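First, one chain by itself: the form predicted on its own, in structure tokens.
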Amino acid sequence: MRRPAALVAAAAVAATALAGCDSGGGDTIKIGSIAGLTGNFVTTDVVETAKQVFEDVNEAGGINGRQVEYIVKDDAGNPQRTAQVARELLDDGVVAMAGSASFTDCDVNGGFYQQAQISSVMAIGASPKCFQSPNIAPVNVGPFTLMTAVLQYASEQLGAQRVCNFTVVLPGSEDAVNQALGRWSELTGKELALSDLSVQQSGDMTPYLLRAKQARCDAVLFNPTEQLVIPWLQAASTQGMTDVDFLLLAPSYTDSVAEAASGLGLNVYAGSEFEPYTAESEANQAWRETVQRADSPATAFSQGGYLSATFMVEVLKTIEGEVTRESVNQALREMEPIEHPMLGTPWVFGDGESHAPNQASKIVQLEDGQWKVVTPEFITLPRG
């Protein structure tokens, strides 16, 4: 359907006006972020770590002599608030977004960012739209690529013959889930013995596990957050499923899950978004020192905050002249890929219509109440 010419012209004028509303120049570079500082999805560790990266840069003299002002807005997990704070940040004159970790940001603001011509180097992308926008490039693997990687580990390295999937499908993510499962089949030539996309976010987990037992699953993928995965593992232990490999995603790769699942007698694995945060590796050293200076907990999410701010700094350093929304966009789209030891693939924004630069994960296994790295090398998926 064609839009009336007057509306097209009005939209073009509005987009031009929005694009021109950045601060431009001056001695301060304003970077924005949307995170959950309150509510059910709290990500203070992400923005505290990103903030420390910018403070360290400022103490060292700034970026080409300019100080970074990092402005964080709390959306409290409320979509209306998510939309409101994005517009407040642009009114404040931010030239780009970095370190955002909001569950609703991509769905609510993706179109707005494109209209306003502002780019986001996101710390933690969870929604499919975070990986389908020309204006958003997360630094994390994301749940869908991670699903493929974990399944590949189970079938190709653990030797599982009957791999099963139980997924809580969030609104708008069913296609992405199916694509992730299909990608595993394309890579391995194998089919799932059972796939259940009807798992609810609450209630008794036992019926799903009984289905897994009936299907003789020897590896079971389960995707929810730690609040649901603990009842899942406890029910699996009650069912005596000690010969099954349980595969989890990054939201379950936490200290609290390790503690709660210790002693259940299960084989539990999880995929990491970055170099595993529990590893005392050289790759994690600079991040770990940063979170210590920030007096923030060392979490996998905080790794995203660290990397997104670090990459934004590297890109800002390449800009000659005024740092504006336009010059940041150009620098991100023309940047050279950045290799970092916490990632298995180079990170780049680029000029694509969508961005999913991180295609690598490591696998950790729960042993004696602690997560241990079982894949010293990253599992890297081929790009589609």
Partner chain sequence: MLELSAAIAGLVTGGAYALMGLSILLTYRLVAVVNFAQAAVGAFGAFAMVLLVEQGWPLWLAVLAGLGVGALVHALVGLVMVRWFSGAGEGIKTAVTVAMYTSFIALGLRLFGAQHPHRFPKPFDTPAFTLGNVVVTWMAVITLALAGLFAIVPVLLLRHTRIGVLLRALAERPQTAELIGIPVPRLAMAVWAITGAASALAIMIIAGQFASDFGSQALLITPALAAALVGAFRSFPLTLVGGMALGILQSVASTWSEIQEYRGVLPFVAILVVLVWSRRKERWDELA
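Worth saying up front: this structure is predicted, and the values here are computed from it rather than measured. Numbering follows the first chain given and starts at 1.
The discussion below concerns the form predicted in complex with its partner chain, not included here.
Listed residues S262, Q117, N178, Q157 were compared with its partner chain in the predicted complex; S262 is the one with a heavy atom within 4.5 Å.
Of the candidates S281, S185, Q84, Q234, Q234 is the one whose heavy atoms come within 4.5 Å of its partner chain in the predicted complex; the others do not.
The closest heavy atom approach of L228 to its partner chain in the predicted complex falls within 4.5 Å. Its partner chain in the predicted complex comes within 4.5 Å of a heavy atom belonging to D45. Within 4.5 Å of any heavy atom of its partner chain in the predicted complex lies no heavy atom of P346. When its partner chain is considered in the predicted complex, D196 lines it closely, a heavy atom lying within 4.5 Å. Screening 91-99, 143-151, 128-136, 201-209 for residues having heavy atoms within 4.5 Å of its partner chain in the predicted complex returns a single hit, 201-209. Contact check for N40, Q214 and S256: all three have a heavy atom within 4.5 Å of its partner chain in the predicted complex.
Residues Q234, T238, Q239 are the members of 233-253 with a non-hydrogen atom no more than 4.5 angstroms from its partner chain in the predicted complex.
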